[in-house]
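Given next are two forms of a protein chain, the same chain in both, each as structure tokens and marked structure 1 or structure 2.
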Structure 1
Amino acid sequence: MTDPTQERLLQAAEEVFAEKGFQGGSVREICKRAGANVAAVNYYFGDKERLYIEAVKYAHRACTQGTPLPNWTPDTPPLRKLGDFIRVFTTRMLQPSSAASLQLMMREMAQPTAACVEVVRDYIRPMAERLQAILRELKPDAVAEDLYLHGFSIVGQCLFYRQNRPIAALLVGDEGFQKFDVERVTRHITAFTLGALGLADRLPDCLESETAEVAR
């Protein structure tokens, strides 16, 4: 839990680093935007690099906030887990986040730093492992590399609606893009995924989910 000053520093750092990057963003400007003393960065974060890492993690949380994955019971069918995962991830990608959060994450993905290592370790890897476990239930004989390919395809399709939204809106128009709501995109990505897994006829089993009402 952050206190108000620490929260303001993270918000300001997210904005400044999103605009100017790590090298161009200054601690003095961040503190000015946050209404904090320059010494506050050392007090809360130790140095500029640690502030940057925490700002990237802060941005990642903002980009992925939303409907959590359900607490599946041991007897939950893997097809339902897959549908839940795709629905939750799609919901997160279609929910608006601050422009600064997305811009900072795009900077970090384009030019990874130590922050990327921590984001993967703390947030992305746990989600990837859950997806891998679901795919392993569905394809117990598949080699690990193939499961990763399936997982990358699922996540890549979901991320498209976040990262490429401006391009998609230009292609189909703002009104057309608005028709790509959570339910429609979830069904589309799920159908593609099941086709790749050789389970195209099982789409209804994937979409019968306890998260469907929550996501609406």
Structure 2
Amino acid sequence: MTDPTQERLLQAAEEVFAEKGFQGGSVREICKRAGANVAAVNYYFGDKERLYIEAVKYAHRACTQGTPLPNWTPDTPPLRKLGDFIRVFTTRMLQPSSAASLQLMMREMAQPTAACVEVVRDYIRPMAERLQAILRELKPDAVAEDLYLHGFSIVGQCLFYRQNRPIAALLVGDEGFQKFDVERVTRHITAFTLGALGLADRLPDCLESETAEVAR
């Protein structure tokens, strides 16, 4: 574990950069939040840019440790994997373990900085490869490009609830938006996706038994 001051700086940097971006976030504000001297950034990280890069890496670790994908066995059915994937990804979007970490990763995903391309790639690629593999199991004859298109449709639905949450809340109100909890959204995205894949009747194969529906 790193130095406690360094850790607090990373935590504060993550929050400030998540809220305001690299240029909008100031070294002084980060140090104030971290309870550190303004010189500490240069002492521990070299300069503001290197702090930013470390903060993105820090956010990446927090995002991938939060809600892990289950360990599937070779005989886990692909529909089950698809259900698990959607549930995990939607949970990460709607109930992130660290909102600041996710927000910073979302910023980098929307507008990657050159220095963080590797971090973003390491964040996206494992998920993307798993989804591509699931879709290939479900559609062995499809071309790779079509599988990507399906994958983008699936991921686009999940990301909407994080990236466009203010829009959704604007349309249905904050109270209305609360009704779209993780379980309901997960169930909807899974059902929508299965319908698109021509597997509309297979929803139970995707869901765990304890997600028996109670909503009208």
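All figures in this text were calculated on a predicted structure; none of them were measured in a lab. Take the two forms, find the largest set of C-alpha atoms that superpose within 1.5 Å, and that set is the rigid core. Here, a residue number simply tells you its place in the sequence of structure 1, counted from 1.
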property: Structure number, where the criterion is the form predicted together with another copy of the chain; result: 2
property: Did Gly35 shift 2 Å or more between structure 1 and structure 2, C-alpha, core superposed; result: yes
property: Core-superposed C-alpha of Lys57 shifting 2 Å or more between structure 1 and structure 2; result: yes
property: Core-superposed C-alpha of Met105 shifting 2 Å or more between structure 1 and structure 2; result: yes
property: Ala12: CA movement between structure 1 and structure 2 [superposed on rigid core, Å]; result: 5.0
property: Rigid-core-fitted C-alpha displacement of Ala115 between structure 1 and structure 2 (angstrom); result: 4.0
